[in-house]
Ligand SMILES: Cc1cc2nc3c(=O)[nH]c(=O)nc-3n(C[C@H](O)[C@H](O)[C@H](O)COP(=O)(O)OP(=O)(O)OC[C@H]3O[C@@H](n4cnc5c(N)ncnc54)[C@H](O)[C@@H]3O)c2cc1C
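Only one chain is included here, represented as structure tokens and corresponding to the form predicted on its own.
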């Protein structure tokens, strides 16, 4: 008869689990604890049954960072309480599974914001820390780990460690893709704002030089920015783009009035999310069929979008006022989600490039994309600054995010183009965002992240039996010898 610790706990069950893009399908024993005791019970169960653990937040990683095929996924999404809100210090302490949008609902109407929030508003705090994500303000405020004051970590031996920014484990846990333990809770530093409103300006850029010149000005004058890049423009038009830049503005309203229009904003977001997902699922097959004519279709769409943006700028209609919620989060609900854009064989690649070689790198990478039989469906650029995370992808420079939708008959050629993108990024001193990767090889990973050795050395001390791992870690060889 098995011992009590070997009996499957009631909060664990076998489930099919897919990547966010949907091109990876796994089956895992999913644990969904609601407290620390159940987290420790999961550790005990895994030791007795010789199983490995991968911590998981909301599952918003695009690739296999939060997958663990045949092993245990520890889903912290049920640990989602707000533990403390100190308005005087502008700090909030939350459990690991708290969603970023839940923090905004608590603090935004009080003229506070959470910097470096990604477009995926339903990401959890633990996931944001372990992937060290970033937002449209990354060049100004840094990555998500830069907003973390302290965190609690449950290690493989069941010990809970309090980690602040001076602790030797901080830069290993932040960006460490969950390989050192389970983040239980965290205290985050919020930022005062004049109102929940932004002035949004749109600047068309006809080529890569205009893009970088405009971004240099925007980084001095604005608080947030995201750039749509035409990945199909060639020759002198390479790098043709539209910069969407925003700055916080004053807006007279009482706290009650702010809460009322923000409540309406959250309701709008939720409606858009449900409607968008429903429409995208219903018309997903149509989108996939249309993408068989991807090159001519997107070439026409991109030319039209740029022309409309240029016309609006000439008419003086390229600026407007809108809620931060809409500027930062609504696009993820209104445009087709990644799993429809990429298809069942697709993938995303987000890479950073040093500022010093940005122009040449952007031209080279867009050229590689255009040589692919299936260029990216979307291309997005952002500005960043470097941080100290051992596996952080942020650099003092720019990132490009591509979403690829390869067809079955040219899947190999499409993958070869992605390999060339990764190799070019490594050669230029850039990095690949692990939360959006599912194709990087071990030799590419070790070139891009030489500090992985520091992480493994820490892991040998904190997790000597290698209890914590993931499909990504196994794929890139990030396992202690």
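Small disclaimer: the values here were computed from a predicted structure and weren't measured. Numbering follows the first chain given and starts at 1.
What comes next is about the form predicted in complex with the ligand, which is not displayed.
Looking at 80-88, 250-258, 371-379, 121-129, the stretch with residues near the ligand in the predicted complex, meaning non-hydrogen atoms within 4.5 angstroms, turns out to be 121-129. Heavy atoms of residue 182 reach within 4.5 Å of the ligand in the predicted complex, making it an interface residue. Contact between residue 177 and the ligand in the predicted complex is found at the 4.5 Å heavy atom cutoff. Residue 352 falls outside the set of residues with a heavy atom inside 4.5 Å of the ligand in the predicted complex.
Remark: residue 134 counts among the residues lining the ligand in the predicted complex, judged by a heavy atom distance of 4.5 Å or less.
Counting a residue when any of its non-hydrogen atoms is within 4.5 Å of the ligand in the predicted complex, the hits in 42-61 run 54, 55, 56, 57, 58, 59, 60, 61.
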